[in-house]
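Before any questions on how it binds or moves, here is one chain, the form predicted on its own, in structure tokens.
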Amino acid sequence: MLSVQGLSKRFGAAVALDGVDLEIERGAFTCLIGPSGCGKTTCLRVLAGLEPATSGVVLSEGRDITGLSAAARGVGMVFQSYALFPNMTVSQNIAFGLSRKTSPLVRQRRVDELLQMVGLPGFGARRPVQLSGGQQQRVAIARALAPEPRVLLLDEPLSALDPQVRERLRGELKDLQRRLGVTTVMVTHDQAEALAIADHIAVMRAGRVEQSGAPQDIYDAPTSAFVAGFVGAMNLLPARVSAAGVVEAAGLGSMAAATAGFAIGEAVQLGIRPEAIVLAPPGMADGVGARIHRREFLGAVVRLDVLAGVGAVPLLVDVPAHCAPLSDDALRLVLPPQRLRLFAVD
């Protein structure tokens, strides 16, 4: 649906986008994530036509739209602040994006249809100030959908909401997107949110796309230590490849790991997710010795902050709450070789 090729954007000497390449599939829900200042919102604004690109092209269904205005691109935009007109009713806000040539009857029918679609029937006469944050967000989405855009762009639309409302609305947003089949690109700083609702994720860093792919691929098979540490929790340890299939981790000793692509003697970063570390059964001699430094109750999971090995290496270990140790006695940890990942030193 959208293809971004070599997209760059500069503000004076500052580089906001630095050769971004991105493919957005028709009907997919794509999330752009990354740390503050990585360029994700600038990328969205260039896609919308609100910022001109310094170089590169944006293609829509193979057609170059790089130089087109926002109005000519066939996109709908929902801003972080929703940007509703306070002096207009909900119905007037939604109808704002419709062509002035649309008859009043067709206009009202479309507004009523959208209010029903976003779960706000009967709210047409209200003003934005009379709505909750979640309701305002729905109105902003309805307004963006009114002219039936080919692409819907969302700039952190849930960030101003409290956690419970946010979790409920993200599910509703995904359901709505699936029902309509509209190609959607959303910027969010919440990795969990992106993993929960996206079909495709692009992780950005310093104006570039570091990795893109399906949420599970991004989580299970990160291609860099940056992506591994940004998407979910990841233990990252300095290590060195000591032999084929063997690494020497600082403070933890030798362990088996897939070393393909790395030379013997090469310094690497060794990564493992907290939930991938296994507590060895009592009396088992295998694994690495550890002691609990701190524990954090997270509901269904207890996160253990442990000091492991002779080097007292800090590790995070997630265990189901019903399996969590009841005391801070010494533990033994098993780091399954198939769950270890090696990354180039960044």
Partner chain sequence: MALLYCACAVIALIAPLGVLAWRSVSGPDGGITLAYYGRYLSSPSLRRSLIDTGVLGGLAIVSTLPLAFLFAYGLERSNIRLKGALAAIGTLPLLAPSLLPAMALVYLFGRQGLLTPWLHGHVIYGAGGVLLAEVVGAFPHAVILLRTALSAADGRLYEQAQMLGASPWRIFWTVTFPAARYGLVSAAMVVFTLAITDIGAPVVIGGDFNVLALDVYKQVLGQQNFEMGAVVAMLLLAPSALFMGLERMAMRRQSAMISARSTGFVASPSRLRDGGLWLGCGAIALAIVGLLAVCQMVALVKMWPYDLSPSATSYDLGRYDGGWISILNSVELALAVAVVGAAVAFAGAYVTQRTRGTPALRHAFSLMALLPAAAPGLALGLAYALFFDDPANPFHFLYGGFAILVIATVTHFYTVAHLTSMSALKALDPEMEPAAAMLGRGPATVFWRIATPICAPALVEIALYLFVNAMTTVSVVVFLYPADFKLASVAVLNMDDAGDMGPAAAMGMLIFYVNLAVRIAGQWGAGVLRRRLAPIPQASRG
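Positions refer to the first chain, counted from 1. Predicted, not measured: the structure shown is a model, and the values here were computed from it.
What follows is about the form predicted together with the partner chain, which we do not show.
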State the residue from Leu316, Val313, Val301, Ala70 whose non-hydrogen atoms include one within 4.5 Å of the partner chain in the predicted complex. Ala70
Would you kindly say which of Gln108, Thr89, Ser224, Ser159 lies with a heavy atom within 4.5 Å of the partner chain in the predicted complex? Thr89
Would you mind picking out the stretch of 202-210, 164-172, 91-99, 261-269 that comes within 4.5 angstroms of the partner chain in the predicted complex, counting non-hydrogen atoms? 91-99
Leu84 near the partner chain in the predicted complex, any heavy atom under 4.5 Å? yes
In the predicted complex, does Ala244 come within 4.5 Å of the partner chain, counting heavy atoms only? no
Contact of Phe123 with the partner chain in the predicted complex (heavy atom, 4.5 Å): yes
Would Ile292 count as touching the partner chain in the predicted complex under a 4.5 Å heavy atom rule? no
Listed by sequence position, which residues of 55-80 have a non-hydrogen atom within 4.5 angstroms of the partner chain in the predicted complex? Ala70, Ala71, Val75, Gly76, Met77, Phe79, Gln80
